[in-house]
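Here's a solo chain for you in structure tokens, the form predicted alone.
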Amino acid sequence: MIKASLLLSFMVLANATDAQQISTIQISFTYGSKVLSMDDSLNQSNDSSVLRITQLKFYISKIKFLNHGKVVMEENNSFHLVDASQINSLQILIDNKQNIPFDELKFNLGLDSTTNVSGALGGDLDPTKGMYWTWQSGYINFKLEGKSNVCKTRNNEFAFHLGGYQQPYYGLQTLSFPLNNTNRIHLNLDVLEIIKEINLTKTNHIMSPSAEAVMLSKIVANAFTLSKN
């Protein structure tokens, strides 16, 4: 169930057990102090405005683990489409057969230029996943859709499709988090931190690479935090 899937917060759990030597990346979301539930009514601010999140997808790519500043492990073919409505997409397994120690996690939010100019690909990069514009515009790095009573649009809808692989509208964001405990790493994506930076009465659609898309991509990146849970 969609609601059940969103009861998870955005979590990266690196759990390299001695037996399996597998690092597990677990993903979930919050909205402020609450666990995010798709299609629930959410307070947009301190006034009476409300919104609902109907779709939330993004790419995580180039997952790397570092130790003392040096890359010690990097996932091959590292492309993962995270879909808040698909539980299976909220967990990523990283093979760590050599049980390599690491103290930092680094990954891209979105896809790099090389991937974008490679044309339509398969797996999580398949255009049927709804994250590919065209050969000219490339892939959508991050997609957030919903409805708000302050949006004077058809059905009060808002949609932010963020991407862009060419300057000056290069939208890829690289995130890095120091790890105090490599057996349990938890990242959280707080969607409220994104929404509160957008004036939905004026800005409610971004559907192509642009300066606004780059700015909002940076806001999205800053909405990720490392959790101790």
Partner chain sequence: MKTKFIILSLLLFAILAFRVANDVQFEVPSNFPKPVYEFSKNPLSENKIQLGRALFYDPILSRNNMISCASCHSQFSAFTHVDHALSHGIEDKIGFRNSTALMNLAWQKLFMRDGAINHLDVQALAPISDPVEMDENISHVVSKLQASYLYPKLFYKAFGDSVITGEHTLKAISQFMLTLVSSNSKYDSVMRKQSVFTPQENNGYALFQKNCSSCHSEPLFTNDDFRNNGLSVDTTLNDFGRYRVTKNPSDSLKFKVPTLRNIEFSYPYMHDGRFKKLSQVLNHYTDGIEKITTISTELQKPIVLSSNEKLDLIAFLLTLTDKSFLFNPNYFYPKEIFSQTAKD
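Residue numbers count along the first chain shown, from 1. Owing to the predicted nature of the structure, the values given are computational and were not obtained by experimental measurement.
The following text describes the form predicted in complex with the partner chain, which does not appear among the structures shown.
Q: Go through Asn88, Asn77, Asn155, Thr128 and name the one with a heavy atom inside 4.5 Å of the partner chain in the predicted complex.
A: Of the candidates Asn88, Asn77, Asn155, Thr128, Thr128 is the one lying within 4.5 Å of the partner chain in the predicted complex.
Q: Report whether the minimum heavy atom distance between Asn99 and the partner chain in the predicted complex is within 4.5 Å.
A: Asn99 lies outside the contact set for the partner chain.
Q: Taking 4.5 angstroms as the cut-off for heavy atoms, does Thr134 touch the partner chain in the predicted complex?
A: Yes, Thr134 is a contact residue.
Q: Please determine whether Ser118 contacts the partner chain in the predicted complex, using a 4.5 Å cut-off between heavy atoms.
A: Answer yes; at least one heavy atom of Ser118 falls within 4.5 Å of the partner chain in the predicted complex.
Q: So, Tyr165 and the partner chain: in the predicted complex, are they within 4.5 Å at any heavy atom pair?
A: Yes, Tyr165 sits close enough to the partner chain in the predicted complex that at least one of its heavy atoms falls within 4.5 Å.
Q: Which single stretch, out of 69 to 77, 90 to 98, 109 to 117, 142 to 150, brings residue heavy atoms within 4.5 Å of the partner chain in the predicted complex?
A: Correct option: 109 to 117.
Q: Within 77 to 107, which residues have a heavy atom closer than or equal to 4.5 Å from the partner chain in the predicted complex?
A: Residues within 4.5 Å: none.
Q: Given that the distance between the C-alpha atoms of Trp135 and Glu157 changes by 3 Å or more in the predicted complex, do they end up closer or farther than here?
A: Closer is correct, given that in the predicted complex the C-alpha spacing of Trp135 to Glu157 is reduced by at least 3 Å.
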